[in-house]
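Below you will find one chain, with nothing else, as structure tokens; this is the form predicted alone, and questions on how it binds or moves follow later.
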């Protein structure tokens, strides 16, 4: 079976209600919390992606029982000290930086060496950002010279609480330190730049001794030792990052409407919604409610004929970091010049996304000016593509693949897009949903 797709026709008008996959961030966190709980936890709509399945494989390696019955996952947690550590164990986070960084916080008290590996893409990413603060607790690391995978961690029983200033807006680093602090006697204090807060909300719902004080520019998080975690049953909401592709597809298509059901609209995640609304995209929330501390809603989107350029506010960057690629497609069709700055973090993802975005836009005929941490996009409301475009050699980045599919369906042309299997890391049902839109 070919590992590429061919798209030669623009998408026709559609009016659909859809469900997208379960939230990846929450799915991975549920697996980890449930593995530490005392008792049986159940989850519905858990994302069946390679990243989440890698999390399940890791906890099973530490002796945690996991059962799947139809659409329900059941985890038999053995408590905070229930992991069965074996010397020189090797665990594989595959493509998931979230899993790779968070699991290190849980292994902080392992008395035996554990080796963490990942796929080719993850093995190029920076792990110093999480290994360095974890060493302050007392753990020992062996890393490559460029601070990438593989790495080895050996924890300690004599953990010391730390004070940590998270400056990047990385929820992964912040969450890893929270997990480590849970195992530590005394109070760990984290001053964290604003980022997604799923870990904190789960701590609050579970009534763990984690105190969060929200400041204007940062959050102050105090973590005390956790003695017990109760079982966590969860109906995983749909992922806003997955929904973003269909929001943009609908907004840029003609005479179309979509309703995306039961999406997580956590305020720390919906920078994409705020940005697109500022650009003139017609987006509405329906049936809003609170579930386990998370805000959930149906998202209604209409075709949007008049689109505005934007000078994107920097404070929205961290809450839209995974969605900028599709936001750039809206900027390509908007009237005027859009400017996005302080987004160098895009080049530390699964691929150098900012550089690749600039390259793909130029292939589409969209003028842009790129620097190491910004991009200016010169929009063209009449943009139509009538040439062949081949997308390959993009580090098997799932978001590059999906963004290219959306661009092909919107702007036309003949697109050959390689590495179809990349979507299995985060959104395996993406192409199936696309196919059903025109039926």
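All values derive from a computational prediction rather than experimental measurement. Numbering follows the first chain given and starts at 1.
Not pictured, yet referred to below: the form predicted in complex with a small molecule.
- The candidate spot formed by 129, 172 and 322 is fully in contact with the small molecule in the model of the complex: every one of the three has a heavy atom within 4.5 Å.
- Here the chain stands by itself, but in the model of the complex one stretch of 401-409, 378-386, 58-66, 22-30, 22-30, has heavy atoms within 4.5 Å of the small molecule.
- Proximity to the small molecule in the model of the complex, taken as a non-hydrogen atom within 4.5 angstroms, holds for one residue of 183, 333, 349, 94, which is 349.
- Of the listed positions (98, 368, 253, 238), a single one reaches within 4.5 angstroms of the small molecule by any non-hydrogen atom in the model of the complex, namely 98.
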